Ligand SMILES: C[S@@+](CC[C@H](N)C(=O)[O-])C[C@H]1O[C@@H](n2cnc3c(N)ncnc32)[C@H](O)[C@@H]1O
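Let's start with one chain on its own, the form predicted alone, as structure tokens.
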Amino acid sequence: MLCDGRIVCGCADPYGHRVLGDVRSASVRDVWSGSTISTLREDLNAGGSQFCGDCPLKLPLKKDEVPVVRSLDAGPLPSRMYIECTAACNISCNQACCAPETGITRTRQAGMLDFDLFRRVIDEAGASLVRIDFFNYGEAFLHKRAVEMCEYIKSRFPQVYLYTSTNGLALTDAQARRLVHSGIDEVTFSIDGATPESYVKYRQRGRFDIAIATLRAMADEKRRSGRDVPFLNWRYILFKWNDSDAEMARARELATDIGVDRLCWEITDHPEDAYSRRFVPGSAELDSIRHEIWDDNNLGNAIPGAMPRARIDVRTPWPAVPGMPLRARAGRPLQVHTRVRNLSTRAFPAQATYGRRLVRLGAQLCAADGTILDRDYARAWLPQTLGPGDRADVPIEIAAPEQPGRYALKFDLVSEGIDWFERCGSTTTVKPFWVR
């Protein structure tokens, strides 16, 4: 939803070229099931749509590739929404499509999202929403009631995963601390540099000291009040002027000192005269930080020791013999005993006030050659939160497949709703699994 109430396909439409409807004159339900989006779904099933125009998210079908046919029944309401408070911004990012100089604000029919309109949309769609991304183009917290909007969402629909991204410059210290108590689940700060001099080369008219102070205020308030949310990210775009070992090390130190949950680098090819020449695709330098890249996985972390790492020892049968298969009868349960050890400097939470990021042991069913057949085959709770270096015995019950044969089980930890540890380089344990 753009700040003027028009509904577009998603965040890849900065200037509002692909409009699906307008909630100023229709309900969310009307837009979601209206003729424009219904025709779009039909066209996509047929292989493409002229409505998509220059959308950067569309991918051409390969030669002889058949388009994926999805159900035309998308339900009465969407499960995820982006909400744009404003397209205005308090800084000008170098050659960005949303910089004020591009005239993006003139593509909106209102400067700020009307609060009553916002409330009506949330009241209608909130029960069906799983996630709200509380940002789009512009700086969300330039809206005077943005923090109140976050409070409204979480008070009315606490099950919604509420996420926002900010440059951190529009929030006062008091507002930043109030946002912590709103119940918002995750906040990403875009701070591209570890010194004022490098930061301002991209975030023109920005203030590094203010952005860092706002991030520090949120981390401090979260710690002081004993809250486990919001999860605080520091996202750092690498450019040719901020990608030195010294400056990246400074960012790691700052993130550790502040108490950030996650620091990640982002790779870009824009602006053409500014992108990092050091970390280009295919380079050894990029490979050395691969798991710390924002788009590589959802758990990677550039803070020293914070990358999730675990060791999983399978202790069934006992005594464990390398290469000895697990055995079970078809359709019967098998109790597998494991010992899990935390090899990172961050705790693995077993309990929390929220549903995501709880760490559990998972077993993935694979074919004998390692091909994954069922990634979510079995789960087991940790008996307690595992601190750095801690270990725990974790039994997990495996239901043997109905079809006899030779399989394999891959054991890994999973941060629920986020990602598997293997995706950021943690070692898994694979055992042959013979079913009679």
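The first residue of the sequence shown is number 1, and the count goes up from there. Just so it is clear, the structure is predicted and the values come from calculations on it, not from any experiment.
There is another form of the same protein, the form predicted in complex with this ligand; it is not shown, and what comes next is about it.
Colleague: Taking heavy atoms and a 4.5 Å cut-off, does T268 contact this ligand in the predicted bound form?
Modeller: Yes, T268 lies within 4.5 Å of this ligand in the predicted bound form.
Colleague: If you check in the predicted bound form, is G300 within 4.5 Å of this ligand, heavy atoms only?
Modeller: Because no heavy atom of G300 falls inside 4.5 Å of this ligand in the predicted bound form, the answer is no.
Colleague: C98: heavy atom within 4.5 Å of this ligand in the predicted bound form?
Modeller: Contact check for C98: yes, within 4.5 Å of this ligand in the predicted bound form.
Colleague: Any chance R203 has a heavy atom within 4.5 Å of this ligand in the predicted bound form?
Modeller: It does: once this ligand is placed as it appears in the predicted bound form, R203 has a heavy atom within 4.5 Å of it.
Colleague: Would you mind picking out the stretch of 164-172, 355-363, 226-234, 311-319 that comes within 4.5 angstroms of this ligand in the predicted bound form, counting non-hydrogen atoms?
Modeller: Of the options, only 164-172 has residues within 4.5 Å of the partner.
Colleague: Can you pick the one in D185, E292, E139, D243 that has a heavy atom within 4.5 Å of this ligand in the predicted bound form?
Modeller: Filtering the options by heavy-atom distance leaves E139.
Colleague: Which one of F279, F348, F118, F135 is close to this ligand in the predicted bound form, taking close to mean a heavy atom within 4.5 Å?
Modeller: Answer to the contact question: F135.
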